[in-house]
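A lone chain, given as structure tokens: the form predicted alone.
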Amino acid sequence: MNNKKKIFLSVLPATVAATIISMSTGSMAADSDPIKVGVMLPFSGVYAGLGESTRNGLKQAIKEQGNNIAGRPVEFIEMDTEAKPARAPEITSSLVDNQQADFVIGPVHSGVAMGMIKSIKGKDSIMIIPNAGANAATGAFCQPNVFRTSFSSWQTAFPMGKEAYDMGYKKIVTMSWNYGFGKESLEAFNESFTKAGGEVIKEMLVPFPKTEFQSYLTEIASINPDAVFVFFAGGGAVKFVKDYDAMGLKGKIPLLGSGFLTEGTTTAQGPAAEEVITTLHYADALDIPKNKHFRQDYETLYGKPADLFAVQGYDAGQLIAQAVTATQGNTSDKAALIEQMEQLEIDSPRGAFHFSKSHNPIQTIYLRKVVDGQNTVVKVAHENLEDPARGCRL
């Protein structure tokens, strides 16, 4: 693919005419100018499906507002990141400096996120991260104009440490790809597991994106720990779970993981995924009214089931809608807009959440088990879990 930017512009007209309200010149409430929402997601390449789901959820939330917030139409400016970190500064600058976007939504990939954060620092646009989970995004690199509606890698793994110990597992082997998110996940698990009294007797780091796991699984069998905790996602997660079963470890050594081990992968994993236990901030079968309504509406709109990435995009859209409504349509005063965002509670399909001082969700993490091919909620693993935001100065 060439390096030309892909820009897709869509202006969503209001379903009803905007009412002209007489306000002071500075307030700009009910301004007829569109609210500009830049969308930086992967629409091609290996992460294209995640980008599509995120965009679908985002647009669903805005559609629920009649494609109009506080009397102003919403304009989406979509740019394909191709999940390439090197493209982040160029695309971010285009949206912020040239297009003058009020909000920039993205990305999926943590490497792209870090490039975006550096480029948006001190700018007059607000970045909302709908997926990328690098701890530093709302930690050491936190910014006043950066929010996240997804998770930190720490949040998805930390609760499993105590849960594992409470299930009676005292000696555990951990394993992940040798890259940022994977290592952060193992560190978070280790933090809570050892605090509870457990011992990580072996940590295995696999070169990314290697999916030849047999030698590692042979070593695990020889160690015979009480359980195994891993971080893998996507195709790697499919391969690992199937290999774990094929090597005869399933049923002998319980398999635990960060939720991405079985998120969107259970169909491909088949029976090998049954009984795998994970922690995450969402499950498709979460039994709350908001989730049921969201999933019904999503399938009606897009003809396929919603997933975690759609939820996170949807909540980014809800955040925009609530904040702009609270400022009566005024997006020119970014400090006031940020102040409103900091105070909001989002009624999410995952359960309600609000933001920490570092602008990361304070949210419930669920203990999940795969039953009949679906991640079912066993219990709440940690209610209102706040990321420690290490290094953040906000």
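Small disclaimer: the values here were computed from a predicted structure and weren't measured. Numbers follow the displayed sequence, beginning with 1. Just so we're on the same page, rigid core means the largest C-alpha set that superposes within 1.5 Å between forms.
As for the form predicted together with a small molecule, it is not shown, yet the points below apply to it.
Contact with the small molecule in the predicted complex holds for all three of L50, N131 and F260, each having a heavy atom within 4.5 Å.
Interface residue remark: F231 is counted as part of the site for the small molecule in the predicted complex, having a heavy atom within 4.5 Å. In the predicted complex, the small molecule stays beyond 4.5 Å of every heavy atom belonging to A164. Residue contact with the small molecule in the predicted complex: Y179 places a heavy atom within 4.5 Å of it. At the 4.5 Å threshold, heavy atoms of S110 reach the small molecule in the predicted complex. Of the residues Y282, F309, F294, W154, just one reaches the small molecule in the predicted complex with a heavy atom at 4.5 Å or closer; this is F309. Partner contacts here mean any heavy atom within 4.5 Å of the small molecule in the predicted complex, and among 296-304, 239-247, 179-187, 97-105 they occur only in 179-187. Once the cores line up, the CA of E263 ends up 2 angstroms or more apart between this form and the one not shown. The Cα shift for P73 between this form and the one not shown, taken after rigid core superposition, is smaller than 2 angstroms. Comparing the forms between this form and the one not shown, the C-alpha position of Y298 differs by less than 2 angstroms, with the core used for superposition.
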